[in-house]
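Here we start with a single chain on its own, the form predicted alone, put down as structure tokens.
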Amino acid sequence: MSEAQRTPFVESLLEAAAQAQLPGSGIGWLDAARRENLEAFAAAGLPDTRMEAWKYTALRALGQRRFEPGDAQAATRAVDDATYALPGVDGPALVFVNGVFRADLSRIDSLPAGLSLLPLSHALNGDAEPLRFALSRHYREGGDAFARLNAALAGDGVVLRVAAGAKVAQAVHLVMIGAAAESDLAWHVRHIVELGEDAELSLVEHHVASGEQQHLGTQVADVVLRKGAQLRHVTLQNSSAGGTLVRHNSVQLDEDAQASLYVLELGGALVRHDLHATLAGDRARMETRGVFVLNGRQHVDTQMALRHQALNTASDSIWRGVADQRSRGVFRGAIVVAPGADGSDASLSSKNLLLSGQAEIDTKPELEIYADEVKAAHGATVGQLDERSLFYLRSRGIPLTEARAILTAAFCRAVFESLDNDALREHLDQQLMAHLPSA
């Protein structure tokens, strides 16, 4: 790396790596993977806007910041249970504070049959070989700086497995809390999720703040659904207004597997979500639903890549964005129907609202088809609220601000209509309403 690339950000993270004492140290393949990814991060540094995947997200300001390596006080920081409580989600829970597992806040003593749920730090102290397929990965793409950093420095996370045929009735709650500390921290979590054949699971991923802070959090998750497995995955991201959060999720669906993903992005100063899904087995089906609601100078960037790789697979994606004041939203949805994936059915819709003349939303749908008898559709729009609808509401005595909120909420609310957890869906709706301009 040149001196120009050796930014304070990179320097501070390399210093953190030199001091790190990570779980699993001494396992040959794990040490090698951590070292290779760290070397790749050091060589390339942060991506810039000349790279297509980062075209709309500049990291110059982040590159000038320094972060302390982890939180020595994380195990004892006071956190109110109400910070992360969610209606309709009262099953097993793993809670992390600034990237550190908190047994006192978690619920894993009595797990339902067929569910295995462990912190990564504990799993690495046992038989680590089953984790090798995920943790030995070397990220080689130029834009994978944060995934490399996570692979080198993640000391904890979740290892979740559902046995073949098991139907886990209660939703599992994974909580990542960014807690106020004496300095800006960098924390990294790594999740490994596997559902066996015909297994079923509801998973709720929750990013929340306890006090104001400007930490950096990275998360990498590998999710594998075996034949006939079904996953419902809800993500509520409401991080600190000053925080930076980067998530990199990979999902593999085998034959007849089904996944439904719901994402609500509300918090954070700079948020990036990379979602990569491979429909690897015949008749695999994936449904994605996402909304971001931005204010101030928030910047949220979602990069979704779906690959249809087998016969008669299907994907259906609906994403909505709302930007107010000087915020900026980015959505890129790329669908590839690979050779041999005949009979695939792919649909992608990205619709966005600008509530301010200074707000910006960049949306880019992409579709590549290399197979036969394929049904595919994609579209994207960026616009403003319908003036006729506003006039209609105002003519009935509704103030302008309230009328705008009603129309904006309706625009977003449709995304979560298929979520079958009524209490959780109502909570997401309340959170969404609280972030609209009238709130």
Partner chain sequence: MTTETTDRSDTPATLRDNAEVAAALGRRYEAGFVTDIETDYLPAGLSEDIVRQLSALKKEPEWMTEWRLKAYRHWLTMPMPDWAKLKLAPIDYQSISYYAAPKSAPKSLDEVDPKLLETYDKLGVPLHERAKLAGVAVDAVFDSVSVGTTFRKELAEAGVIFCSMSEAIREHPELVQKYLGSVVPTGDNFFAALNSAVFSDGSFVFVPKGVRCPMELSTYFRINAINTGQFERTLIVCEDDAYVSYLEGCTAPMRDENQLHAAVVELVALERAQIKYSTVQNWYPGDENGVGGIYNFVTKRGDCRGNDSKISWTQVETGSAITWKYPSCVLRGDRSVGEFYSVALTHHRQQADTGTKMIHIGKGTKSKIVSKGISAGRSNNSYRGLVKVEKGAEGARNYTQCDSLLIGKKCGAHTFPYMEVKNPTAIVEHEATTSKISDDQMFYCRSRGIGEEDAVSMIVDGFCKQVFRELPMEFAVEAKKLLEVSLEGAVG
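Positions refer to the first chain, counted from 1. Note that the coordinates shown come from a computational prediction; the quantities given were computed from them, not determined experimentally.
This protein has a second form, the form predicted in complex with its partner chain, left out of what is shown; the following refers to that one.
J.: Name the stretch, out of 193-201, 239-247, 338-346, 110-118, where some heavy atom lies within 4.5 Å of its partner chain in the predicted bound form.
T.: Stretch 338-346 is the one.
J.: In the predicted bound form, does I361 have a heavy atom within 4.5 Å of its partner chain?
T.: Taking the distances in the predicted bound form, the answer for I361 is yes, it comes within 4.5 Å of its partner chain.
J.: Is R307 a contact residue for its partner chain in the predicted bound form, using a 4.5 Å heavy atom cut-off?
T.: Contact with its partner chain, yes.
J.: Using 4.5 Å between non-hydrogen atoms, is P399 touching its partner chain in the predicted bound form?
T.: Residue-level check for P399: no, no contact with its partner chain.
J.: Please tell me whether any heavy atom belonging to P365 falls inside 4.5 Å of a heavy atom of its partner chain, as the geometry stands in the predicted bound form.
T.: P365: yes, in contact with its partner chain in the predicted bound form.
J.: Would you mind picking the one in L105, L355, A209, A123 that has a heavy atom within 4.5 Å of its partner chain in the predicted bound form?
T.: Checking each option against its partner chain in the predicted bound form, the one that comes within 4.5 Å is L355.
J.: If you check R60, R35, K375, R65 against its partner chain in the predicted bound form, which one has a heavy atom within 4.5 Å?
T.: Partner contact (heavy atom, 4.5 Å) among the options: K375.
J.: Would you mind checking 45-59 for residues with a heavy atom within 4.5 Å of its partner chain in the predicted bound form?
T.: Going through 45-59 in order - heavy atoms within 4.5 Å of its partner chain in the predicted bound form - the hits are E52, K55, Y56.
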